[in-house]
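Next comes just one chain, in structure tokens: the form predicted on its own.
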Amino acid sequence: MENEESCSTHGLHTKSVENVRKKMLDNESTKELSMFFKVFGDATRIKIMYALYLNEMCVCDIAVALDLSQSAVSHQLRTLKTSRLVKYRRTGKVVYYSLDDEHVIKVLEQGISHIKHD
């Protein structure tokens, strides 16, 4: 049986290949996008992001709501801040976290929609 994943002719669809090559992301953009999605690969970070999707929260409240240590939440928030997925604001001594912008909200909503799609 012949392997269905293999082409017997190289360059069969020349226009498609040319179109993809012209529009392909450069290596740096590909790496950045890969790192962006890698951040979504951790269940704890997803829980934190979903909590922040529901409500702006401080570290203490996130920890209680998700039954995590404050240290674990702070560690994950640092990663999320570095990746520009969450932002913060300070009111007195309390720091409140929220999702960074509409793009992050849309990615999260699209992911949820995808997994719930039948």
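Treat the numbers as computed from the prediction; the structure is a model and nothing was measured. Sequential numbering from 1, following the sequence displayed.
Just so it is clear, the following notes concern the form predicted together with a further copy of the same chain, a form of the same protein that is not shown.
Within 4.5 Å, heavy atoms only: does Ser83 come near a further copy of the same chain in the predicted complex?
Contact check for Ser83: yes, within 4.5 Å of a further copy of the same chain in the predicted complex.
Does the 4.5 Å heavy atom contact test between Arg78 and a further copy of the same chain in the predicted complex come out positive?
Judged by the heavy-atom cut-off of 4.5 Å, Arg78 is well away from a further copy of the same chain in the predicted complex.
Might Ser69 be said to contact a further copy of the same chain in the predicted complex, defining contact as any heavy atom within 4.5 Å?
It does not: once a further copy of the same chain is placed as it appears in the predicted complex, Ser69 has no heavy atom within 4.5 Å of it.
Although a further copy of the same chain is absent from this view, report whether Lys38 comes within 4.5 Å of it in the predicted complex, heavy atoms only.
Judged by the heavy-atom cut-off of 4.5 Å, Lys38 is in contact with a further copy of the same chain in the predicted complex.
For the heavy atom contacts within 4.5 Å of a further copy of the same chain in the predicted complex, list the residues of 57-91 involved, in sequence order.
Contacts from 57-91: Met57, Cys58, Cys60, Asp61, Val64, Ala65, Leu66, Ser83, Arg84, Leu85.
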